[in-house]
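Only one chain comes next, encoded as structure tokens, the form predicted alone.
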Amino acid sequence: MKDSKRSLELWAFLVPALLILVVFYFLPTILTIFISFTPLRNWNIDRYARIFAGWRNYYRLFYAIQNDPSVRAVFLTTAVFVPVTLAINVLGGLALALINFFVGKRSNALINTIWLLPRMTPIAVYSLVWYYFFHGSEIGTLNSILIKLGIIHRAVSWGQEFLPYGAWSVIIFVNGLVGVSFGMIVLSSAVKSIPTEHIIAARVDGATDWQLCRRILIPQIRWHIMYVATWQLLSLLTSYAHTYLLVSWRLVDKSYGTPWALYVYELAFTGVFDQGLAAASGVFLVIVGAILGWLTLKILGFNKLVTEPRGDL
């Protein structure tokens, strides 16, 4: 009787989460795979949805990667944007979490509020702030400051010049700040959950701040670091909202300011309206995301973390 009641309680917690996964993740993935094998265009479902195109869309995709300079630029942008922004998000979030641990509570609250602003601000408003900051004329905040300081003598279009590094720098900076705030929230909570006895014992033994971080704090929040790294990796692979606005407003060069997720969106919803090719590109992104997610867990030692301890605790 107890086992049956326990089982019902477990399913009561699991079913809502499973329904969300099925409705919002698995079913869209299956539908995307199906569309990738059709020549669907212009959302003309009646005409194209029942036609089987085989691997045609995948052949077109890999041919474009090999021969189309604009698609190669998108591929290269993704290969730079994702790992660099991921490093900023994880290391920046960890640094802020450790700073929060060592500073006073008043300063702690101020730092948290400042870094949470990017995540609390609506996407359009947040992107507009950086649009005017990096604007390529003298009204741009960055240009105005640098001209007044005598560092530059003319306005610079930061996202359109110095390609590809200018465009990459802008989209990495804008997206990096949002991710850093997420990492800070998770890792700060993790650090605060460490038993104070461990901290006191380390201090009694004469541990410096650096030794405390390296020997006590960071090892005990490995789970949270792994979670932040994996989550942010998958999020960066599929995010496009901020970059879409920056590209649409012509703040950054379209070729080198478009990561793969935005490329998929544009194929399906703007310009050519080629949903078959967009679906194939989306399936390719899902496969790459699954492989990279697995590698991230492997590198960060997921298997070691889930093994049972060797002794009694």
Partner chain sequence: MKKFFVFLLVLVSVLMFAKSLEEGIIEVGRNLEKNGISEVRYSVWSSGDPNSVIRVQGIVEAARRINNIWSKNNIKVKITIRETRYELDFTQMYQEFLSKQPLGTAGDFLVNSYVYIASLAEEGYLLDISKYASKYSNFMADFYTTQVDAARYKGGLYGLPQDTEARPFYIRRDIAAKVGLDLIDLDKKVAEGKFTWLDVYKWAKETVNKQASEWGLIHRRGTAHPDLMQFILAFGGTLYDSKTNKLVLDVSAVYKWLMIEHVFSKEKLLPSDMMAWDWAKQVHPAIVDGKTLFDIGGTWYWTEWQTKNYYTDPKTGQTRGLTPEEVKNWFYYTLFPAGEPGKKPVTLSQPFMWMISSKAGSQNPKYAALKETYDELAFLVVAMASSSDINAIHSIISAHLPVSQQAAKLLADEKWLTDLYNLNIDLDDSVKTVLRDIVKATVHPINAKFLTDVAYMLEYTNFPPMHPMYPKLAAIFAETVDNVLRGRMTPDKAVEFVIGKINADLDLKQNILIVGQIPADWRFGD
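Under this definition, the rigid core comprises the largest set of C-alpha atoms superposing within 1.5 Å between the forms. Numbering follows the first chain given and starts at 1. Predicted model only: the values in this text are computed from it and were never measured.
Not pictured, yet referred to below: the form predicted in complex with the partner chain.
Applying a 4.5 Å heavy atom distance criterion, does Q211 contact the partner chain in the model of the complex? So Q211 does not count as contacting the partner chain.
**Prompt:** How about F37: is it within 4.5 Å of the partner chain in the model of the complex, going by heavy atoms?
**Reply:** Outside the cut-off, so no.
Against the partner chain in the model of the complex, would F75 count as a contact residue? Criterion: heavy atoms within 4.5 Å. Output for F75 is no: heavy atoms all beyond 4.5 Å of the partner chain.
In the model of the complex, is there a heavy atom of the partner chain that lies within 4.5 Å of any heavy atom of A53, even though the partner is absent here? No, A53 is distant from the partner.
Looking at the partner chain in the model of the complex, which residues in 267 to 298 have at least one heavy atom within 4.5 Å of it?
-> Contacting residues: L267, G271, V272, F273, D274.
For K254, does the CA position differ by 2 Å or more between this form and the one not shown when the superposition is done on the rigid core?
Superposed on the core, K254 moves its C-alpha less than 2 Å between this form and the one not shown.
ask   = Once everything's superposed on the core, is A64 shifted 2 Å or more at the Cα between this form and the one not shown?
value = Yes, A64 moves 2 Å or more.
Exercise for the section: Once the core is aligned, please say if the CA of V264 is shifted by at least 2 angstroms between this form and the one not shown. Expected result: For V264, whose C-alpha is compared between this form and the one not shown after core superposition, the shift is less than 2 Å.
Regarding V264 and I65, go with closer or farther for their CA spacing in the model of the complex versus this form, the difference being 3 Å or more. Relative to the displayed form, V264 and I65 draw closer in the model of the complex - a change of at least 3 Å between their C-alphas.
Residue pair V71, Q275 - Cα distance in the model of the complex, closer or farther (3 Å or more) = Residues separate in the model of the complex, at least 3 Å farther apart.
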